[in-house]
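One chain is shown next in structure tokens, namely the form predicted on its own.
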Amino acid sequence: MLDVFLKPTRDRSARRRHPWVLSGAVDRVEGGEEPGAWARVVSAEGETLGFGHWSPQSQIRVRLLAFGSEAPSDDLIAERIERAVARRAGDPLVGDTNAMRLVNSEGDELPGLVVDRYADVLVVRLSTAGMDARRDLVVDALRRATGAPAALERPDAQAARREGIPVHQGPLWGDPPKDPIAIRERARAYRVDIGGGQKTGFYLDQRDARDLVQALAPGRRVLDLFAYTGGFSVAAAHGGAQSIAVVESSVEAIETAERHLEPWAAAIPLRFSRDDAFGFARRVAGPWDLIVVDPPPLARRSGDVDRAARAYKDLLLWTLKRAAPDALVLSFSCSHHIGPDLFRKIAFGASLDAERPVQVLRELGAPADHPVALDHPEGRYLTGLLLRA
């Protein structure tokens, strides 16, 4: 246990239960600086505010796991893993699927730990010095809580660099399959490459949005921009779309999308375009009745916000120009730096420039297995709007 003393007046965040202590708030450290060690956070007046994991190379120097004066032990981590897994079991808000997030970092009071389940296999990300130092503890707790026969560790290379920890990838236990894993989501079927796919293999955080696309698709001409492996396109096919255009720049991803949509190849006109979605929206006239716009993160840092806002606006502007009368558009941002208020302003600007009045029908976010702590608003990274143009 080391002591982290805060500068005068820099204790407000910890008193409001925010789990991050930033480097600029730290006055001094006593008792060593071992990465991942338990740290007691102390105000300038000497009051113990909480306890967390020490990250000497990160801008976030302490990630708090407990508040108040009572020191926790590593048993707290195992208990929270067990509770997070138990909460997902039979959760009606998650619904009928064998693929879900079991641990969502700060959302489950376990900063630095993300665990996704794909059928019988877990994919684990340990992205902080604190969780990296407790790899064996995390593995034991997950094996007990889930009974999963195998688990794979996938690195977050950018986080590892920020934290100054090694990049690990490989089995944590068992024999994770090298071939794609078959998962089900309602009646929808997908195959997920857990070793090489985006994030941990699939965009589990868009499950509710895929449900919505399936409900909206009947009889509509659908455009799926940034389609990845065709998650939204499969939902549209299940819903009875009139036609589907799939746009994705990755060769491997669009080939997987083609395989996912093979059952509908004879019944629904399908168009696969290996293309840049920004360029496609500018060049191809449409029109479409239902458009999904789900780009990768365009604002990974606060300094990216202005550039990202211009890119989102340009993309939505051209999407609206390609939309049929009364078309529905689902547009997403997956960065907490582009929050709901800013994203609405971006949509408003695109609507003005496109000369298309737009109605907001619904706001969208991540599903219930991706909870966000009220104490940690940065955990809300996915913002979506369902628009009618």
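All residue numbers refer to positions in the sequence shown, first residue = 1. All figures in this text were calculated on a predicted structure; none of them were measured in a lab.
Same protein, other form: the form predicted together with ligand SAH, not shown, and the subject of what follows.
Self-check item: Stretch in contact, per heavy atom within 4.5 angstroms of ligand SAH in the predicted complex, of 276 to 284, 212 to 220, 304 to 312, 76 to 84
Solution: Single hit among the candidates: 276 to 284.
- prompt: Taking Q198, Q206 and E248 as a possible spot, do all three reach ligand SAH in the predicted complex with a heavy atom inside 4.5 Å?
  reply: Each of the three qualifies.
Note to self: Would you classify P180 as touching ligand SAH in the predicted complex, given a 4.5 Å non-hydrogen atom cut-off?
What the structure shows: Result no; P180 lies far from ligand SAH in the predicted complex.
Would you please decide whether Y228 lies within 4.5 angstroms of ligand SAH in the predicted complex, comparing each non-hydrogen atom pair?
Heavy-atom contact with ligand SAH at 4.5 Å: present for Y228.
query = Does ligand SAH get within 4.5 angstroms of any non-hydrogen atom of P296 in the predicted complex?
reply = Flag for P296 set to yes.
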